[in-house]
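Presented below, as structure tokens, is a lone chain in the form predicted on its own.
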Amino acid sequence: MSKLKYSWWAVAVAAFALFPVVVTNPTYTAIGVYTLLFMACATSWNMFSGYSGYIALGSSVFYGVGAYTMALASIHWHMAPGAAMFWLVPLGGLVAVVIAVPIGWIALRVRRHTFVVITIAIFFIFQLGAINFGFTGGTAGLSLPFIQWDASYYNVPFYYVALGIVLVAVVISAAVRRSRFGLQLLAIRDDEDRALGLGVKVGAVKLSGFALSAFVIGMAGAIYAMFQGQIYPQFVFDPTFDVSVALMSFFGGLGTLTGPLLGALVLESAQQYLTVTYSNGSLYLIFFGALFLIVITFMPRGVVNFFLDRRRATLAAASMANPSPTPSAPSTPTPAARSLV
């Protein structure tokens, strides 16, 4: 089963790697870039909120911080427009982590429902700051160095860098889930007071998970800014970003590794395709509403958990239908058998 699991991961990575080779239409490769960015963000968001049970609705703060880090650094350091700007992507993630520490220290002093409200309030503080501060360009935004790549090739480097960020997010999330640190996050989700009584340093664990989840989201924001070439406060500090990554994780399966990936793959690609194909930019909301109604009605724990539960039930039914025979007592081996042993 372990080999089969890794084989599926290898097939998925190969399929994503070959996508821009097989599909060369710039419209579809651009959809691929946005989809990969949301797959990375949803995975990173789930790494904290899904494992700890603390639903954060202010993660677009880190997305915006990463975007403005890329813009300000490339402008003030007079970066040559081109592939060299990709070296600023990890910087966007690191700055997001630095910003996440004081935010988490404040917001995580309360319990879950109040935490949601505080993260929303902090988001609006950052959004209004970006609109009113001079160094952010205000409502006029910031223009990054213009990259003069061929139109047919322009999306490809961003696609592969975004794919690399997805892989980084998956590796970090899997490592956290299998570590003692991840078990502590899951213990906090199940019963925070009991985890505290068992010796878990609840405050430090929550703050570490919160800051760690900001790293990938900040890098995704940096890629977005470079890909767009121009950023505005209302688009990088966007409340729909927070709702989107949360819904993607709930759709796929909150607290699972593959759930947020599946949710972002289905929802973001569908939204981008419907927006590009039809002139009505809100048409995707009808699709989302119908899809979530089906999922909530028939798969309340998400798509991945639904199929995992069905598989466990099938295996349990099969084992009950074909019980393994009771092993008989071993017979005394003959001298010839003893020699073979």
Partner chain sequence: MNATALLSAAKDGILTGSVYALMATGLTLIFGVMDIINIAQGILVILGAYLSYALQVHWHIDLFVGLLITIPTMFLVGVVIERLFFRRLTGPERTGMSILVTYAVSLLIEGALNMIFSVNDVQLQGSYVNKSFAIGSVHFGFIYVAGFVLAVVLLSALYFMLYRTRFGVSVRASVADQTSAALVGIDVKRVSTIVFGIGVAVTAAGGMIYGATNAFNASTSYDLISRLLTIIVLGGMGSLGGALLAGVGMVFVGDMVGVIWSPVWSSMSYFVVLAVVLLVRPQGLFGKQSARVA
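This structure is a prediction, so every number in the text was calculated from the model and none was measured. Numbering follows the first chain given and starts at 1.
From this point on, the text means the form predicted in complex with its partner chain, which you will not see here.
Just one of 124, 77, 87, 135 has a heavy atom within 4.5 angstroms of its partner chain in the predicted bound form, so which one?
Looking at 124, 77, 87, 135 one by one, just 124 meets the 4.5 Å heavy-atom criterion.
Counting only non-hydrogen atoms, choose the one of 306 to 314, 33 to 41, 288 to 296, 60 to 68 that falls within 4.5 Å of its partner chain in the predicted bound form.
Single hit among the candidates: 288 to 296.
In the predicted bound form, does residue 164 have a heavy atom within 4.5 Å of its partner chain?
Looking in the predicted bound form, residue contacts with its partner chain do not include residue 164, since no heavy atom lies within 4.5 Å.
Is residue 114 a contact residue for its partner chain in the predicted bound form, using a 4.5 Å heavy atom cut-off?
Residue 114: yes, in contact with its partner chain in the predicted bound form.
Can you tell me whether residue 274 touches its partner chain? I mean in the predicted bound form, with a 4.5 angstroms heavy atom cut-off.
No, residue 274 stays farther than 4.5 Å from its partner chain in the predicted bound form.
For residue 105, is any heavy atom within 4.5 Å of its partner chain in the predicted bound form, or not?
Looking in the predicted bound form, residue contacts with its partner chain include residue 105, since a heavy atom lies within 4.5 Å.
Heavy atom within 4.5 Å of its partner chain in the predicted bound form: which residues of 244 to 274 meet that condition, in order?
Those in contact are 246, 247, 250.
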